[in-house]
Structures are given as C-alpha cells and as structure tokens.
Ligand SMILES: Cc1cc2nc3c(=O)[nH]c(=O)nc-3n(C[C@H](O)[C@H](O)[C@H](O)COP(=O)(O)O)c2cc1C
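Read the single chain below, which is given as structure tokens and is the form predicted alone.
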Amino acid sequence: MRSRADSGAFVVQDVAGAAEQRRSIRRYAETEIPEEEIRDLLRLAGRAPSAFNAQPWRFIVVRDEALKAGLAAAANNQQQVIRAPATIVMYSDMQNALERLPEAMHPDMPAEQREAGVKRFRASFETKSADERENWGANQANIALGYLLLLAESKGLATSPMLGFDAEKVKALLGLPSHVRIPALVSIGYPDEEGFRPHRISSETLVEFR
C-alpha cells in the first residue's frame, strides 16, 4: 500500500491506506513541489462538503522565504514552517462566502430554487453575530482540512498541521481581513524523516453503538 516514488516520498494508493499511514512530519527534503501539483491538491481538498455548498475555506500557499520566516515567528518558531518548501495558510471567510453563494449553488437546480436557497441560507445568518458567523465558517473549513491532510498523504506529500500560532499576526503578515478565521497552518513537502509511527487510542474505547 505504501511505496517510494522517484522523489523519495512515500505514495499511498487509497484513502484507507493514507488514513492508516499519515503522520506529522517536521523535516522536509529541499525538493520543490510543482505548482500544478499543489493546485490539484487544493482543488481536490475543495471537494469537501459544506452546508449549502458554501465552501467558506480559502488557501494561501506561502513559498517565499521571507514570508515563511514571518509565519514561523507568528507560529511560536515552529521550524517546519521554514523547513518545508511550502506552508499552506488555511482560512475561512464567511462574509465572502455569503456574497458568493449564488455562484456556489448547483447550476442544475431550477433558477427559482437556487434563488430561494440563497435567500434562506443568508437569512439564517441575519440573527447571528459576526463572531458566530465566522466561527460557523471555521467549523465547516475543518472538514476541508481533513480532506487536505489525507489527499496530501495519498500523493506522497508529508504534512504538519499547526494550531499553535498568533492568528492576528498571521492576518497582518498576509494582509487578510480582520474578520476571517484561521483553522490551521499546514507545512507540506516531501518527507526527509520517517517520523513516529502512527499511534492512536483504541477505537473500541472511543466508539459506542446505541
């Protein structure tokens, strides 16, 4: 299920294998990831489901060394930000998602059904505060984050998702609007270490049927 590609990276052929083998990696080979490969990865991550297909997630791929250094400083000096050829800043923007909702509604739906869906979904946020709205979007974006990590593993790319960072400093560094949320930073590249083998609490102690 897991074999080395010419790049030296591990390649997993299916989702179950990726879930079994994925681990966080903090040392990366210097090999650059082709831009088209990153674009395809994020296109597929964007296939994640979201309510009303709102798709509030957004991605910034940081490859510039100076920007990576700034990100590392905002992320408690986590060195994988610098070591990886790229770090993806994943953020959610419900304000923008609500504006673009007509574009997100399925084109095969009758026009009046699409219009009614847009109105209904927007109305559901009228009584919510800006914080409630953006927190909802961030929760939706976490679904896409899971997709991103598994897809990267299936393509032979290693990742390290990070929650330890100063979101306001990251927003300032990248010129992001103050209202957006940043669920995670994800360093990504070809691994230069094995990392610890995956270890989890037994699912038998975490799952119950009723």
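Residues carry their position along the shown sequence, with the first being 1. This is a predicted model, so every value here is computed, not measured.
Beyond what is shown, the protein has a form predicted together with the named molecule; the following relates to that form.
- Query: Tell me which of 63-71, 50-58, 32-40, 157-165 has residues with heavy atoms within 4.5 angstroms of the named molecule in the model of the complex?
  - Reply: Among the listed stretches, the partner-contacting one is 157-165.
- Task: Look up in the model of the complex whether Arg27 has a non-hydrogen atom within 4.5 angstroms of the named molecule, and give yes or no.
- Result: No.
- Query: Wondering, does Gln80 line up within 4.5 Å of the named molecule in the model of the complex on heavy atoms?
  - Reply: Because a heavy atom of Gln80 falls inside 4.5 Å of the named molecule in the model of the complex, the answer is yes.
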